[in-house]
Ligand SMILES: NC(=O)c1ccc[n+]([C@@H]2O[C@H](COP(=O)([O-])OP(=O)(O)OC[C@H]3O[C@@H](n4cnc5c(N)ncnc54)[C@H](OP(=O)(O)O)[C@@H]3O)[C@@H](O)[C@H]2O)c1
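Below sits a lone chain in structure tokens, taken as the form predicted alone.
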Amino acid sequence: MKKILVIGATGLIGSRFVELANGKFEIIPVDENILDITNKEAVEEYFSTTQLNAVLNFAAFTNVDAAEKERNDTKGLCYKLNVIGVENLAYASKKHNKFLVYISTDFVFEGTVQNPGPYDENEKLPDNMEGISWYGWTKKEAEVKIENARAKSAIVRVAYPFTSGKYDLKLDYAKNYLKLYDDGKLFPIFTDQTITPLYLEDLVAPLSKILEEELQGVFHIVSSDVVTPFDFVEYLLSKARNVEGIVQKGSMEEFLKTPGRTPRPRLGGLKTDITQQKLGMKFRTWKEMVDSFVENL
């Protein structure tokens, strides 16, 4: 059985993967208390003294608005964790011949009218920060660092995760909307944004295959079709709360015009055709994912 070092194993996505993939691999879960990936010497020592076959990195600074306050600060925590930490893992993986899987995001793309999504796996990464959040830029920089290290690696982009599993530290994409509705605080939802959400239970099989077979390259693991947040929430509430026609329409284009707003991909989303073909798997639609989510809540 393969030994997989899972970094960020206590986060929303990492913890669910560990829970569901435990029988497939011998998982070594670590958090920042066990291994500080921003410390190059600590990473090198860990790789030198620990038996493992592959590294799966979920660790990231993911608070998009908090990250924006550190924009252009390469000494800030966001950059250190999202870029330097990943670079340390990439070079250690290369040196010790370990397979590295890096979990990335659709936020590496602009999602603007000038360059709209959904993006395929071979889409060229942006070469400037215009229209991209600092969070998205640091995740993009990490992808570049992995390529430069020439480690045996896979970059797996995911987006808007939600899960039937229990996670107390923060609400996922779907549960957040359910709580807002339950609390009577549901605000107008964007009709002019495109996204490709991911039911985390659907991540396990494709990610496990990438790890088992050490498949290299860029992969997109999300719903097989795009949706607007408005349509997502309407469908979610109809299934989970049996209510219809109560969601108000909002505009992300207008929202982003307010000074000080963090840039986010508006016309975003990820295409999955190449990934499905490479893995020999068929991904589900966002509606099928929501159906399973509600069924298993």
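Numbers for residues come from their place in the sequence shown, where the first is 1. The model shown is predicted, which means the values in this text are computed figures rather than measured ones.
Below, we refer to the form predicted together with the named molecule, which is not included among the displayed structures.
- The closest non-hydrogen atom of E45 lies beyond 4.5 Å of the named molecule in the predicted bound form.
- For F232, no non-hydrogen atom is located within 4.5 Å of the named molecule in the predicted bound form, even though that partner is not displayed.
- The shortest heavy atom separation between G131 and the named molecule in the predicted bound form exceeds 4.5 Å.
- Shown alone here, I37 lies within 4.5 Å of the named molecule in the predicted bound form, counting heavy atoms only.
- V158 is the sole member of V158, I84, A154, V226 with a non-hydrogen atom lying within 4.5 angstroms of the named molecule in the predicted bound form.
- Contact with the named molecule, judged by heavy atoms within 4.5 Å in the predicted bound form, is confined among 103 to 111, 68 to 76, 205 to 213, 120 to 128 to 103 to 111.
- Of all the residues from 110 to 141, those having a non-hydrogen atom no more than 4.5 Å from the named molecule in the predicted bound form are Y135, K139.
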